[in-house]
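Okay, here we've got a single chain as structure tokens, the form predicted alone, with questions on binding and movement later.
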Amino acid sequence: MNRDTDRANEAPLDRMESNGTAQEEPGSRRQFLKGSLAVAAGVAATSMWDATTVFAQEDEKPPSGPPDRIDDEAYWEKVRAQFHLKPDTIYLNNGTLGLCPKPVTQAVFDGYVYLAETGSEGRYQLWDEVEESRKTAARFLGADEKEMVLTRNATQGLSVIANGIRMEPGDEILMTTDEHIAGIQPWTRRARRFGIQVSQVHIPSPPGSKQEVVDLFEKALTPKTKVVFFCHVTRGPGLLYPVRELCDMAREKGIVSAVDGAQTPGMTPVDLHEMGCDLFATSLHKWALTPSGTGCLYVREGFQETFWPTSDGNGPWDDREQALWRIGPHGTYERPIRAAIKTALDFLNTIGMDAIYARDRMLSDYLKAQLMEMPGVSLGTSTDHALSSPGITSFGVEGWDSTLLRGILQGKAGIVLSRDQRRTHDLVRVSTHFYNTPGEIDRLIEVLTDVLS
């Protein structure tokens, strides 16, 4: 499986689009739809690891490998059967919280039953299970085991990052105007307490090209800039940042690169070594479908010597032999939940991240193509795969408040969505994942058309 994140930014599907419908008018809706679906349907993905997921009954097992065709709906129905999906709900809000598959919820239940039976002695067995989850997460994200620590979520990891980088009064962090509040607030607090400067660069939504993003960052740098911070994928418009290019730029100038990766693991292949960032925080309970309250923090091996831990609960803070142990979970924590991370990642690996990426891209392209034909509707997400996430599609409707529209869609048809009203945005956010179906997208368009008419 190709785990090159820089090439993943271009997307496995994009590398095959030269065989698309050249006879169509460039940029037309028909060409966009036909090219995207034809390419996606021909992708066959592979998995790097064998899954060890245990299922309750033999007939509940999902397919044992990736699909031959991404539009094989019979295959995806078997996958979909592994989720606790309610028949009266169309769940399109994976960017907020993903749905755990049945083997994951079973693993959490079994873990707590085991603790209830064994008490304190059971903690040691579960410690081994949690360690396996941590190592599996490291492999899943293209990192070494000694570079990864488990956290509760991206918010916790981003706070550790903001307080762990060594900076002096007057030093500057440069971030974008599209950052999540969980990424902004820790730096704002540190600025007020210790006199660092927080600066922001405005990135158009969407930008015209990857190079435009890099150029805007480079122009905003000053001699005081010590850290650049940005999302891998923004939560609202779904902008996919050119991570490798930005991290290379920072490294060349001796600047620390820190990435908010809350929206990418489980939606697109991620290779942290290929990306070249110093720090990466993520929530695994979104697209990676782990139990709620699970995430991880990556600290590049060569950067660990200068990274401060934020608590001393696990021993001497200056014990370099312990490396990231110093910033790991302290005291008693939810071991059954963290042990189930491995179960979720094994589930994804059984399908294969290339297949999941292609499925997510196919669904979002299908949605975008229909939205582009609706009067009064404008996309907030780029149609360029190099600049857009494979799973997040945001759109605005002229004359409509996105919060009101989202509420109507949920009340009228059980369609669960999110919205983005930061900066100048007033967008409805649709987060489609591999267990969603084209039929659910058709239903969204049907209900939206009815509401707007």
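Remember, predicted model here, so these are calculated numbers, not experimental data. From 1 onward, residues are counted along the sequence shown.
Only in words, not in the display: the form predicted in complex with a small molecule, which the text now covers.
Checking Thr343, Gln263, Ser364, Thr381 for any heavy atom within 4.5 Å of the small molecule in the predicted bound form turns up a single hit: Gln263. Scanning Thr176, Gln82, Asn349, Thr155 against the small molecule in the predicted bound form with a 4.5 Å heavy atom cut-off leaves one residue, Thr155. Shown alone here, Arg300 lies farther than 4.5 Å from the small molecule in the predicted bound form, counting heavy atoms only.
Proximity of Val233 to the small molecule in the predicted bound form: non-hydrogen atoms within 4.5 Å are present. The closest non-hydrogen atom of Thr290 lies beyond 4.5 Å of the small molecule in the predicted bound form. Put simply, His180 is close to the small molecule in the predicted bound form: some heavy atom of it is within 4.5 Å. For the candidate spot formed by Ser133, Pro336 and Arg338, no residue has a non-hydrogen atom within 4.5 angstroms of the small molecule in the predicted bound form. Figure note: of the listed segments 162-170, 279-287, 353-361, 208-216, the one touching the small molecule in the predicted bound form, with heavy atoms no more than 4.5 Å away, is 279-287.
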